[in-house]
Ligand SMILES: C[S@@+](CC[C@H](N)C(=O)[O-])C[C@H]1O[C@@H](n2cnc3c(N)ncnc32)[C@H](O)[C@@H]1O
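The form predicted on its own is given below as one chain in structure tokens.
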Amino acid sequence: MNQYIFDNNSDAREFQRLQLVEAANDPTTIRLLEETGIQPGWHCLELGTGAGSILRWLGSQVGPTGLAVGVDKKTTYLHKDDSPHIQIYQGSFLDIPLDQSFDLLHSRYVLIHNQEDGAILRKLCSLLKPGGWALFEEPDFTSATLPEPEQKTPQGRVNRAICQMFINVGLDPAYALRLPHKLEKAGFHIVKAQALMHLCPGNAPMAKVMAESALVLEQEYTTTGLCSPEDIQAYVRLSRDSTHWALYHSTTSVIARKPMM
């Protein structure tokens, strides 16, 4: 598995960033998970637990007769939970043996960071019960470049640097656009796909996420040669200005099922 772009972030700052990601995305994620009809007694798997908000929500929905399993390469940011129906595994997903089968699985902003996404999707599909449900959520950072195609503003230059950073490490900044096809290729049946543009004012939850990411990844952004430290400063300043609106990226969410045998 390739190196995660936030691996060099301090634990305290990464925990703060993950909480910002949860605040920005959890309302949409929970609404979509509810569309699967999640019930007490279900067995659920979350790949990429982050700070654990969705894993805890899954545990609350399935109750003591169900099971909520979380997998992440680093579980430092998860609060300890002694509930027997919540299990946590640390390590590379492809290396962790899981002998359960699941009624529901969830993954958010994970596949875009992995060059082995095809193998990950095939393993996830194999763990899902026939007729089981899945929700995948992935970003498309190229959408933020659409309003300013000529790189005339600091935000436009930073948006292009974000995309180039992914390309430089062999990843796809527009991964979300190919998500439905990748899911079908792995054996999933698409039930619903939607794309949400994160067009919002400064200090909105997603603007806070992107400002923090810019501060943490300033060197990675500027190394692309497409933006300067001054551009980063302006990008962060505008992301904190509630009078300034910007398109930060879009998120594609796909609800899928495993076909019945």
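Heads up: residue numbers just count along the shown sequence, starting at 1. All values derive from a computational prediction rather than experimental measurement.
There is another form of this protein, the form predicted together with the ligand, and it is not shown here; the text below is about that form.
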query	finding
Partner proximity in the model of the complex: L47 to the ligand, non-hydrogen atom cutoff 4.5 Å	yes
Interface membership of R157, the ligand in the model of the complex, 4.5 Å heavy atom rule	no
Contact flag, S92 vs the ligand in the model of the complex, heavy atom cut 4.5 Å	yes
The ligand contact at H85 in the model of the complex, heavy atom, 4.5 Å	no
Interface segment, criterion being heavy atoms within 4.5 Å of the ligand in the model of the complex, picked from 171 to 179, 123 to 131, 69 to 77, 97 to 105	69 to 77
Triplet L32, T36 and A195 all within 4.5 Å of the ligand in the model of the complex via a heavy atom	no
Selected contact from V110, L135, L183, M165, since only one has a non-hydrogen atom within 4.5 angstroms of the ligand in the model of the complex	V110
Sequence-ordered residues of 18 to 34 touching the ligand in the model of the complex, heavy atom within 4.5 Å	L18, V21, E22
